[in-house]
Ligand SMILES: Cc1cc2nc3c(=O)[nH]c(=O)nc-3n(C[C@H](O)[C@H](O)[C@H](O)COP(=O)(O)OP(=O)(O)OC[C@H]3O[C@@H](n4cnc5c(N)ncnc54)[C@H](O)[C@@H]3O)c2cc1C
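Form predicted on its own, single chain, as structure tokens, below.
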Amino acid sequence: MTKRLTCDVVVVGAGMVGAACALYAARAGLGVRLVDRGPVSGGTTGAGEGNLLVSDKEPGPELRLALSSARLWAELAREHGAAFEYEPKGGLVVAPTPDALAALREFAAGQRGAGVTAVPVDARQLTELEPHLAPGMAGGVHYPQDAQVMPALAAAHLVRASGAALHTGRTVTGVLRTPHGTVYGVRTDRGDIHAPAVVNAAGTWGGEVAALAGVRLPVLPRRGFVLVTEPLPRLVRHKVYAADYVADVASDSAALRGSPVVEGTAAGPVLIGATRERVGFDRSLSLPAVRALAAGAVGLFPFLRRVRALRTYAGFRPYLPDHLPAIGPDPRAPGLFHACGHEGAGIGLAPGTGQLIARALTGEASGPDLAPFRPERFDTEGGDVR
């Protein structure tokens, strides 16, 4: 019996990536329903700092996606920028020693070859860019393409701009498949939604949604803490982080890792990150992690020693073993598309991801665009796991 379709595509997950998928699918002329068991930005997006970075990515597919997304964020900012606090403030990566500076400049040279604007700066220029930076740094690299948004606001505005039918407080309990395996919608705790395409944009829970469709996607949570200070005048002008942050991002270790990342916000508080550890979904406060954040931040900006931290919070980055997201159609479940596993880069990579998904949904995406992000690349048996 032919089933009545209620839309063209169901997007599961109303965080930033899901919002971007909904926006670009709608702009491609598709009817979209966006489903989440919680509110918009209720997961990883709501715990993010809103980083839009090219500076922390080595040449390769993720950097290409980041550069594409940066251009799309600039376009979105012209439409909505003031509404979600888009700040093209640039990033500054600092090196404390000559050896660290040499390694950083070699890394930046490779990025420049891939299209990144990466400007070497010496110790004197560092203080011109950031007058309150700790003295004694060897130098750094300035990345004017780095930017920031307020992530919860940005996701909410993208959802609104998409015109998608929004269903919050509705838990997806199954992915509907025909006897031949083709996806035709989702089952929720409040009824079925029929569609010929389902986009898994469930972030840290993307592996669980994939499993509902009978396929494997090894997304794991990687916990991170953020410290939030009292509101301050704009004393930190850029996103500033130590050169070893890039190594922490690329690490496969489950143990606690941390390197200082400090940035001001339009509202006044300074945000301090970044820690990484795989501890499941444990939200309990880690004093070693928070102390490491505070010490690292003071090491970069000594004035912070006199500033009160008002709160700390934890979030979970959706980690995949090769540090690349899963984007595109899943051949193991025709009609299922994935847009998850971006780890800490989901805010920045969201528009490019949404555009790739929209092109895949309409048959426009090319193989080379999606090949590095193939969802089935982790399935050694290459088949359905139902």
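Predicted, not measured: the structure shown is a model, and the values here were computed from it. Each residue number is its position in the shown sequence, starting from 1.
One more form of this protein exists, namely the form predicted in complex with the named molecule; it is left out here, but the text below deals with it.
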**Request:** Determine which one of 33-41, 64-72, 322-330, 356-364 lies within 4.5 Å of the named molecule in the predicted complex, judging by heavy atom distances; exactly one does.
**Result:** 33-41
**Message:** Residue-level contact is defined here as any heavy atom of the residue lying within 4.5 Å of the named molecule in the predicted complex; does residue 171 satisfy this criterion?
**Reply:** yes
**Asked** Heavy atom to heavy atom, is residue 347 within 4.5 Å of the named molecule in the predicted complex?
**Response** yes
**Request:** Indicate whether residue 209 is a 4.5 Å heavy atom neighbour of the named molecule in the predicted complex.
**Result:** yes
**Asked** Quick one: is residue 26 in contact with the named molecule in the predicted complex, heavy atoms, 4.5 Å cut-off?
**Response** no
**Item:** Residues of 288-324 having any heavy atom within 4.5 Å of the named molecule in the predicted complex, listed in sequence order
**Value:** 315, 316, 317, 318
